[in-house]
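Presented as structure tokens, the chain that follows is alone, the form predicted alone.
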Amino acid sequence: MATSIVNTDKSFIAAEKPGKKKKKWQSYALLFILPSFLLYTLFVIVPTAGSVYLSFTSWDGISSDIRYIGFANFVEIFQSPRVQNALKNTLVMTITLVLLENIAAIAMALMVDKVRWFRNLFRSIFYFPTLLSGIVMGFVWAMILNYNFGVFNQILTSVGLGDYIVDWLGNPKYAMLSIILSTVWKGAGYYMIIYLAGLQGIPQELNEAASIDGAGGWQQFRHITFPLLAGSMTVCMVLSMISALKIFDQIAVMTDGGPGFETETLTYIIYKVGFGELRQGFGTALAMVLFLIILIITVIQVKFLQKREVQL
């Protein structure tokens, strides 16, 4: 009887030790997590909470006078023609960029995946623009599209098409188009890498079987390649959408929101109002609205694209 009790105690102790080790490990894990959590709280959570509070004030960003004005900033946002114009420009630019960047990225990925010679060279050429900062890219394209000495207009003049030169960044008809195309040039290479990884994950046997059955290149792409790129497309479209909604550098360098307000987006108007017009309270409220817009659109887009993945 005594032996059984001793054995029972030993088994209890043996069963207890793993639990103690697990709790000890969890305490160590919390210690490792604590520095990152504190930094995240200090630089993300606290500023975010402060921004929410400032969005209900009329602070100018400099003085210590921070007056609470309730929902006045948000009422002005929804009544302001300038904000409505910026929202329209943001949506137009976002939809266009998402479509063009993904189309260009898929086309480049297909070309790089199929090419036999100089494959790494083409990858490097297509990916290189993504290494440039938005500021540098903006300066480069501002010089290329300059009306007086820009390379593009000089080429048109040299080939006898001088009648077609325009002020690409000063004409309201072409300013937004110029920003969109230059942004596609910079960003498509990044998404090309993601699509290229997706292409290399598609079994070649599927295309070979389809080719034996008489399917052409377009039919193979439509019924095999495109459906199997659904996962890569979800990632690329969400990333390009978020990037387009936050576009700032190119506009600041190339057009400064002009001509007039033709290329002013929500992100840029936040900067102009907050730092140019010293209306930090209103700018912060507008930033909160932009955050909600990005959150809502991202959730809807992810659900739609994931549903498409399941259906395929």
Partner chain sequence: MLFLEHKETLTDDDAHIGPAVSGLYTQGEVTKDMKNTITKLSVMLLAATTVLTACGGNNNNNASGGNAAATEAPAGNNSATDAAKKDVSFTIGYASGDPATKKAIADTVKKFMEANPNVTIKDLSETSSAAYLDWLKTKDAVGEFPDLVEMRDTQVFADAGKIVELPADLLDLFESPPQVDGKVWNAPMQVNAPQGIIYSKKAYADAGITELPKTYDEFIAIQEKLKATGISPLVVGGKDIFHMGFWVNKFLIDDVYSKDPDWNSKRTAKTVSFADPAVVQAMTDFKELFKNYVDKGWLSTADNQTASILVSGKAAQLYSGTWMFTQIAEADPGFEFGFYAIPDRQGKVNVIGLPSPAGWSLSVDAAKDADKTAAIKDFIRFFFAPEQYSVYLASINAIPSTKEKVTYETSEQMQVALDLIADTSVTKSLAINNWWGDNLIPPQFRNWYYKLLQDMVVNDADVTEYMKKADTEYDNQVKANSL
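This is a predicted model, so every value here is computed, not measured. Residue numbers count along the first chain shown, from 1.
Omitted from view is the form predicted in complex with its partner chain, to which the following refers.
- Comment: its partner chain is not present in this chain, but in the predicted complex one of Pro172, Gly217, Pro227, Pro203 has a heavy atom within 4.5 Å of it, namely Pro172.
- Of the residues Leu100, Val238, Leu110, Leu87, just one reaches its partner chain in the predicted complex with a heavy atom at 4.5 Å or closer; this is Val238.
- The partner is not drawn, yet in the predicted complex one stretch among 90-98, 113-121, 187-195, 218-226 has residues with heavy atoms inside 4.5 Å of its partner chain: 187-195.
- When its partner chain is considered in the predicted complex, Asn207 lies well away from it, no heavy atom lying within 4.5 Å.
- A residue is said to contact a partner when one of its heavy atoms sits within 4.5 Å of a partner heavy atom; Ile242 meets this definition for its partner chain in the predicted complex.
- Although the partner is absent here, Ile33 lies well away from its partner chain in the predicted complex, with no heavy atom inside 4.5 Å.
- When its partner chain is considered in the predicted complex, Thr48 lines it closely, a heavy atom lying within 4.5 Å.
- Along 270-285, residues Ile270, Tyr271, Lys272, Gly274, Phe275, Gly276, Glu277, Leu278, Arg279, Gln280, Gly283, Thr284 each place a heavy atom within 4.5 Å of its partner chain in the predicted complex.
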